[in-house]
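To begin, one chain is listed below as structure tokens, in the form predicted alone.
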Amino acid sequence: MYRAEKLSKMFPDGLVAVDGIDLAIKKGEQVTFIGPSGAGKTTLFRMLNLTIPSTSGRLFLDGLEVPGLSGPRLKEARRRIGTIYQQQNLVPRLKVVHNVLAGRLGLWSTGAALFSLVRPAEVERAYGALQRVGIPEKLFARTDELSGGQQQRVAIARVLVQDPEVILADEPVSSVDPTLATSLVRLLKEISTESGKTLLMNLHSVELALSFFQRIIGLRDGKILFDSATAEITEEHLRELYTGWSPEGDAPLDRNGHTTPLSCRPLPRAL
């Protein structure tokens, strides 16, 4: 589904957020990305969902080279990718049905989109998506009256009505409690398995990554530190990812410079 070759992103201030990444993701694959804050995960996802261009390197979406896409071809490629964000990106004062149907905007004319704000179109489709995420009774509720977990389910429903080939979930559970986080990750995994959609997820929780995914990619300082089957991830992998190594290249150091054993589930958001 994706292939990246030496993919990099440098911002105008000189920050290199993604640094020479090589990556291959197959159709239908379920992969999670972990790493400390500032590792480049969100920037990488923004390149994968085609909202920002790379500075150098090559990126392919199902064989199409992304830098070569523009106009209608770029718009069509973006429709194939659904993104779930940490902060949901919902319009709080609108009813849930309108926020869910925002996933259809890429297929509607401007006039149809505006009319839908008065008389929602494709209500049955929105209701079906909300049924799948477990809150069909919220169809006509105001979005700002929902809990954080319910709002994230609305964001997932919005992606469902978009019907993309790829779901990119960028820290989708960092704003909810651990029990809700587990249920939301499980829901996204089930949707991917049932539909065959490719699922890529950024997670801060190492425990969730280890529990739900068979392939884990560790990013640090914009580079892939490891790309491994979950069964092959060791404590040493996680120590290096989150705490770094001593100057002598020996045991990894904690934040105080001590070589102490690491309990890596869950790890802190940043060290």
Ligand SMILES: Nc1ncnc2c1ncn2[C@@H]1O[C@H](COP(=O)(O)OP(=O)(O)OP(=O)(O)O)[C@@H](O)[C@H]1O
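Quick note: we count residues from 1 along the sequence shown, nothing fancier. Just so you know, these numbers come straight off a predicted model, no measurement behind them.
Another form exists, predicted in complex with the named molecule; not displayed. Remarks below refer to it.
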item: Stretch in contact in the predicted complex with the named molecule, which is absent here, among 65 to 73, 209 to 217, 41 to 49, 23 to 31 (heavy atoms within 4.5 Å); value: 41 to 49
item: Candidate site 144, 149 and 169: all three near the named molecule in the predicted complex by heavy atom within 4.5 Å; value: no
item: Residue contact check: residue 234 to the named molecule in the predicted complex, 4.5 Å heavy atom; value: no
item: is_contact(residue 204, the named molecule) in the predicted complex, heavy atom dist at most 4.5 Å; value: yes
item: Contact flag, residue 37 vs the named molecule in the predicted complex, heavy atom cut 4.5 Å; value: yes
item: Contact of residue 86 with the named molecule in the predicted complex (heavy atom, 4.5 Å); value: yes
item: In the predicted complex, residues of 60 to 77 near the named molecule [heavy atom within 4.5 Å]; value: none
